[in-house]
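Take a look at this single chain, the form predicted on its own, given in structure tokens.
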């Protein structure tokens, strides 16, 4: 089973992309990391066993392993797995491997206290694959285990890519429906969702909804302004973001969103 019929496109795209520095290259990008890690730590218990699916170069996984958690990381891109292996040589509580979000058969049911799906939903372009990735993530979580799913906001395709690259007309006429929803086009690499559409994917799953989080808020849209803020003002802005990131009115323009649920049976 493969991620989708454009698996090679995705691997080639990430092989040539500097994912290792993406979350730390500026304040707007770092907001995503800080917010996501904040929520991961909020729900972690001592001694938790963690699986990250779509771990890229291990920015989250390796940090969590260094905190003492038992961490397993899976990614579709072989180059990223090799990077993780190099970065984690001294960590005995960390393992990583090439794997597909649609097929986690190397793991038994009910194996992990927390399962992080922080990338695969960006690249799934039909309902069957989306449901399969969610099903597999939930399957390997223990009862009462927490599952987190990162996904991309449909609005941010226009507000970041469209505005920055002068592609607003192209996006509106080629990729979007009458409600501004981005169509599933594998060649475009990224799939996107409205918040309400993503939540609907979990309607028939054995999970209980916890919250939905704006991981980077308005940061990607106002990147230059945030970068120029004095340190004191940036810290205040970041604190405001943490206080408001679960509000619906802060989620629409966020580049990355985080859906959090708990497995109930």
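The structure displayed is predicted, hence computed values, not measured ones. Positions refer to the first chain, counted from 1.
Keep in mind the form predicted in complex with a small molecule is missing from the figure; the text below concerns it.
J.: Of 101, 138, 191, 96, which one comes within 4.5 Å of the small molecule in the predicted bound form, counting heavy atoms only?
T.: Selected residue: 101.
J.: By the heavy atom within 4.5 Å rule, which residue out of 134, 147, 157, 118 makes contact with the small molecule in the predicted bound form?
T.: The option sitting close enough to the partner is 118.
J.: Looking at heavy atoms inside 4.5 Å, which stretch does the small molecule contact in the predicted bound form, given the options 73 to 81, 139 to 147, 180 to 188, 88 to 96?
T.: Among the candidates, contact is made by 73 to 81.
J.: Quick one: is residue 14 in contact with the small molecule in the predicted bound form, heavy atoms, 4.5 Å cut-off?
T.: Flag for residue 14 set to yes.
J.: So in the predicted bound form, is the small molecule close enough to residue 31 to count as touching (4.5 Å, heavy atoms)?
T.: No, residue 31 sits far enough from the small molecule in the predicted bound form that none of its heavy atoms falls within 4.5 Å.
J.: Could you confirm whether residue 213 comes within 4.5 Å of the small molecule in the predicted bound form, counting heavy atoms only?
T.: No, residue 213 stays farther than 4.5 Å from the small molecule in the predicted bound form.
J.: Decide whether residue 19 counts as a contact residue for the small molecule in the predicted bound form under a heavy atom distance cut-off of 4.5 Å.
T.: Output for residue 19 is yes: heavy atoms within 4.5 Å of the small molecule.
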